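Form predicted on its own, single chain, as structure tokens, below.
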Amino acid sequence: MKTATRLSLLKPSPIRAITDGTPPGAIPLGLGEPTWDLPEPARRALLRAPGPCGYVPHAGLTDLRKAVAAFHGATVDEVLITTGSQGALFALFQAWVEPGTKVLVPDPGFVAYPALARMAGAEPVPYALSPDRFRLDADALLQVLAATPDASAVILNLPSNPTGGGGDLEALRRVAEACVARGLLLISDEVYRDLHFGVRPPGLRDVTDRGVVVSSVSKGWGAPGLRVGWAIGDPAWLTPARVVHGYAVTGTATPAQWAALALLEHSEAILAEARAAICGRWESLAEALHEHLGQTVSPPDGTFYHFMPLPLSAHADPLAFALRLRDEAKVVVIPGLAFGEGGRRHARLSFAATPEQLREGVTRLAPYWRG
């Protein structure tokens, strides 16, 4: 037996490599998943599912598409419901990224982006984020784009996983104009946009309707297990992606779409509660970092990630340092190198954990940062 050649281009997720071996009693600051309860409207919708559990159109449940469109200021024809935002990304890459071309991805950036490019037969090309707070740097991106004549797509992540950095309107506008001028697919992954600290970060649709925004109920609405996401953009971009998504999974699970609809219908209250939850957790993390390491930190533009500078001794082998933390201190963090060479000198801490876990986690890891 021999696996398909394309599989040789992929490596297991370094995030899973760290988290799958987690010892009992370890503090989980690795995975980015909410630790608060699934909101009540979704629970009620799952219990009161109406009638037969049948198929829905490949584009998604009509009422859910209407709710997503209303939330984003789009039309129903501009909405495709997918199996998580990952389903949207996979379908878009398979539909539009030609083998032999290149895809611009942020460095550091979400681990799936380079893998999705390779699965489409393309080469991921990294572009740097700003050196201060790892935010979108239009000059850096446009410089790489100018040097990549065979690019087929550009992906943004605002705010960013793993850094929490966002971008300003002018940077977004410059990038969008350059991609539109070349006819490139521009995807903005905005799954964390509504988990912010005070001011909602700008999004792609604030500057153009020519790109595609992807998001889901996984983060802001606290429902990663539902696996409901969406893509928003010109139907010309979405129609081929819908074909791919249909052949891949037929359609997103019907009960999950009912639950997602209930979440969208109660967005104002649910998102406010989620922001309150991460603000409280951030305060617990910031207080613990100040108490145990003397660090004064500022919240990210969004997300529930703190991109924490590693001690100098960990720069040479960040993975070994993270494994030592996991196995000796029993604290799970993700080395920034997992997200690209640009993250080598940092570690991603998820403060979606409970306040108690955050305080205990910093207590345990502090000696390794000091020593």
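Just so we're clear, the structure is a prediction, and the values are computed from it rather than from any experiment. In this text, residue numbers run from 1 along the sequence as written.
One more form of this protein, predicted together with a small molecule, exists but is not displayed; see below.
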When the contact criterion is heavy atoms within 4.5 Å, does R227 count as touching the small molecule in the model of the complex? yes
Closest heavy atom of T163 to the small molecule in the model of the complex, within 4.5 Å or not? no
Close approach of P39 to the small molecule in the model of the complex, 4.5 Å, heavy atom: no
When the contact criterion is heavy atoms within 4.5 Å, does D189 count as touching the small molecule in the model of the complex? yes
Looking at heavy atoms inside 4.5 Å, which stretch does the small molecule contact in the model of the complex, given the options 214-222, 283-291, 264-272, 245-253? 214-222
Option touching the small molecule, based on a heavy atom within 4.5 Å in the model of the complex, out of W258, F90, F110, W237: F110
Just to be sure I understand the contacts: of T101, T208, Q295, Q86, which is the one whose heavy atoms reach within 4.5 angstroms of the small molecule in the model of the complex? Q86
